[in-house]
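Have a look below at one chain only, the form predicted on its own, in structure tokens format.
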Amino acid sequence: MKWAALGVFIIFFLFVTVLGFFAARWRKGDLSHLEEWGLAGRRFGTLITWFLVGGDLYTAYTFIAVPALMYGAGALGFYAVPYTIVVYPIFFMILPRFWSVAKKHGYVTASDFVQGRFGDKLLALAIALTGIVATMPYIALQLTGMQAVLAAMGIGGEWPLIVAFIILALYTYTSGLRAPAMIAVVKDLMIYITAIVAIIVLPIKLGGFSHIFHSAQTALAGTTPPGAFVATPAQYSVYGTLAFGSALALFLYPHAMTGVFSANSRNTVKRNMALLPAYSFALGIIALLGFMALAAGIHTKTTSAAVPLLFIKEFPGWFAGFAFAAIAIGAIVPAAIMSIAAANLFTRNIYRAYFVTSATPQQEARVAKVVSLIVKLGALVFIIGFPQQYAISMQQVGGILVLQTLPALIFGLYTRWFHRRALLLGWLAGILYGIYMWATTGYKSTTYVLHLFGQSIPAYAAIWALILNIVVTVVFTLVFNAVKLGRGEDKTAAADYHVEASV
């Protein structure tokens, strides 16, 4: 048992727990309304939105998994850095427009927009279910980061995870989105401090970057199969499509949309698209921890344990505890936002759409609070009841699923040319083909080799599925337009996409 590390860890965990409950009094609103509980009344300014969205996207699993992939596979793991750079210019053009129409019509979820834009409950249901299914294992996977740091401190069993998520469930229930927003400020500052100290101290202790890279290259060459210190030509298409596909999918996740919709103006969203790449700089530093673990002689079959073991070996106990607290809090923040986002989807696009169509805002909030608890419980059961490798492989397919919502959400943001039924058929084709490709790898990889015109092209399966999705959508739109199949009512207007600020 690493008592010094554990002591510091407990102090910071208790501190953020108090913050979580105190958040209900911060920027007071009527938490019996879904928009206040699930979006904090859309009142977050630039700084809080930056911490919230950053804390939402750069999770504990990111802190553990990116260097773990670098530790185990080498250069391919670095794809996470360019994708988190490319994503912001793309969504700088998209998300302010999304925020405006959501603000104008009181949309809480992306599926609300689909319902309003295309007048199709079935398409909105498909988008909502995709978001919920993709989010559930993502919540569960946050626990892998917490499990790794607890194990490094000598704590075994499942009870610490159960206690942590009971606390998370309670303050999320009482404070809604305000809780992870407040805690995200602490979490992100701790992550930045940890990353800066690591990038200065570890190279000094390990003999400099030249020695780190040389040692990592040697260690990767001895793995089975050998890891690549520098990406090989055979990996270029996989690397590129992983980065591009992941960038397109990132802000389609419900929790990312929730963070964006909580901003107080479209200018706040624009500023955040400009400022969020600062997290990508930190991610680049964090990714190098995988090579540093190899250089430090860390040997483990569980690659997720590489960073915690590195910190235990190279840092004094108190700082290792500080870093572990940052990682654990980095699990709590996104898990809270994800559960709120999933609860919002269920409440608005399943409960109100199909069961209680005249539900009041108070009824919606009550249902969302209960569903958020169920979602957390489901995630906890998922991670305890299934092997960790199964949970990880389940999360990998999340990007494949979420990317199939792109035509309805992004294309639909700019045009109604696509027919609502064609979008549904395209979504179905993309989902089924994506799952098929994943299944052909034995549910172990999201890379699929397509044999086309005599060429074998390996790429991220989500991209192949999206291409099929778009082709099917275009073809059936032409067919349905030709036979004059009815379209749903569009409840949005051109001016709705340019609303500037909260009123």
Partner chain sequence: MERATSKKKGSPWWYLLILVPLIGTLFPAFYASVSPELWGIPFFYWYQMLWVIISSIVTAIMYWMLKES
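Positions refer to the first chain, counted from 1. All figures in this text were calculated on a predicted structure; none of them were measured in a lab.
Only in words, not in the display: the form predicted in complex with its partner chain, which the text now covers.
When its partner chain is considered in the predicted bound form, only one residue from K270, R416, K313, R352 comes within 4.5 Å through any heavy atom, namely K270. Residue-level contacts in the predicted bound form: of K369, R117, K376, R266, one residue has a heavy atom within 4.5 Å of its partner chain, and it is R266.
Using a 4.5 angstroms threshold between heavy atoms, Y239 counts as touching its partner chain in the predicted bound form. Although the partner is absent here, F291 is a contact residue: one of its heavy atoms lies within 4.5 angstroms of its partner chain in the predicted bound form. Of the heavy atoms in P277, some are within 4.5 Å of its partner chain in the predicted bound form. Although the partner is absent here, K104 sits close enough that one of its heavy atoms falls within 4.5 Å of its partner chain in the predicted bound form. Picking from 163-171, 137-145, 90-98, 336-344 the stretch near its partner chain in the predicted bound form, with a 4.5 Å limit on heavy atoms, gives 90-98. For the partner-free chain shown, F209, S210, F213, H214 of 177-214 come within 4.5 angstroms of its partner chain in the predicted bound form, judged by any non-hydrogen atom.
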